[in-house]
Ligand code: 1HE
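Below you'll find only one chain, the form predicted on its own, shown as structure tokens.
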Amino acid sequence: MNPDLHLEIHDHIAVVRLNRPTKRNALNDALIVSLHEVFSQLPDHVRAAVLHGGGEHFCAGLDLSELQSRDAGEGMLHSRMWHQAFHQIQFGSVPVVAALHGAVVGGGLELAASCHIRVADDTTFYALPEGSRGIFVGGGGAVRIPKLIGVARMTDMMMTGRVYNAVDGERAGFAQYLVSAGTAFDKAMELAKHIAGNAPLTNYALMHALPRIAEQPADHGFITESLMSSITQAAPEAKARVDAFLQGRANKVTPKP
């Protein structure tokens, strides 16, 4: 195991921690390779994962101290390595909840965007400084981040260096949850435990089918939705859960105070 990436298994939850606090958890090539390996080799009993950063920051992006001079072909292959690692997070075997705090910058924001749910605390801030450094996002950010906040906001961030604080970032769509400082990990674990209790086939459909349905023309999306709906309903676990609800053995949906 790469010492810069730490993995623990708590029952059905995998906890993955970026462990380069002195570098603000900046991503080097070895860490990208390790992320790919960890998320592609999770034990079969794991049902959800939490990704967080040790120290004061989630991730400050690409480790510029390791930035090498590459020709165009080498640069493309390097970018594709990041794509493969983050694709394994987004389209892997389990839903991933990111616990965000401090810097979520550049490649760190690209990493967070590959997770399914993002929980930010009050210390979180978001930025894409690539524009001011004469480079462009290369870890999937050009695809994933506009889906969270829109093309116009991402353009503004890269052109002007705009930094979003935690409150404005949650409103813009970077995170689905905003909690008090120091509690993002606890909230992420709470959500992961709930997610782990879902029917696995439903979680799989949400991870793999829903984002693709959203990209399809409407008539294609309706067909794909019908297929996934039929498949999930036919699963024995789904039938048991619906039966439990009908017999009054499952909780009803109620508003939270």
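Don't overthink the numbering: it's just position in the shown sequence, from 1. From a predicted model like this one, the values you see are computed outputs, not experimental measurements.
Only in words, not in the display: the form predicted together with the ligand, which the text now covers.
*Asks:* Among the candidate residues 103, 96, 85, 145, which is the single one with a non-hydrogen atom no more than 4.5 Å from the ligand in the model of the complex?
*Replies:* Looking at 103, 96, 85, 145 one by one, just 103 meets the 4.5 Å heavy-atom criterion.
*Asks:* Could you tell me which one of 48, 62, 51, 35 places a heavy atom within 4.5 Å of the ligand in the model of the complex?
*Replies:* Here the answer is residue option 62.
*Asks:* The ligand is absent from this chain, but in the model of the complex, do 24, 129 and 139 each have a non-hydrogen atom within 4.5 Å of it?
*Replies:* Result yes, every residue of the spot touches the ligand.
*Asks:* So in the model of the complex, does any heavy atom of residue 177 sit within 4.5 Å of the ligand?
*Replies:* No, residue 177 is distant from the partner.
*Asks:* Taking the shortest heavy atom distance, is residue 164 within 4.5 Å of the ligand in the model of the complex?
*Replies:* Output for residue 164 is no: heavy atoms all beyond 4.5 Å of the ligand.
*Asks:* Whether residue 133 contacts the ligand in the model of the complex should be assessed with a 4.5 Å heavy atom distance threshold; does it?
*Replies:* Although the ligand is absent here, residue 133 would touch it in the model of the complex, with heavy atoms inside 4.5 Å.
*Asks:* Does the ligand come within 4.5 Å of any heavy atom of residue 121 in the model of the complex?
*Replies:* Flag for residue 121 set to no.
*Asks:* The chain here is shown without the ligand. Which stretch in 146 to 154, 179 to 187, 87 to 95, 103 to 111 comes within 4.5 angstroms of it in the model of the complex, by heavy atom distance?
*Replies:* Only one stretch qualifies here: 103 to 111.
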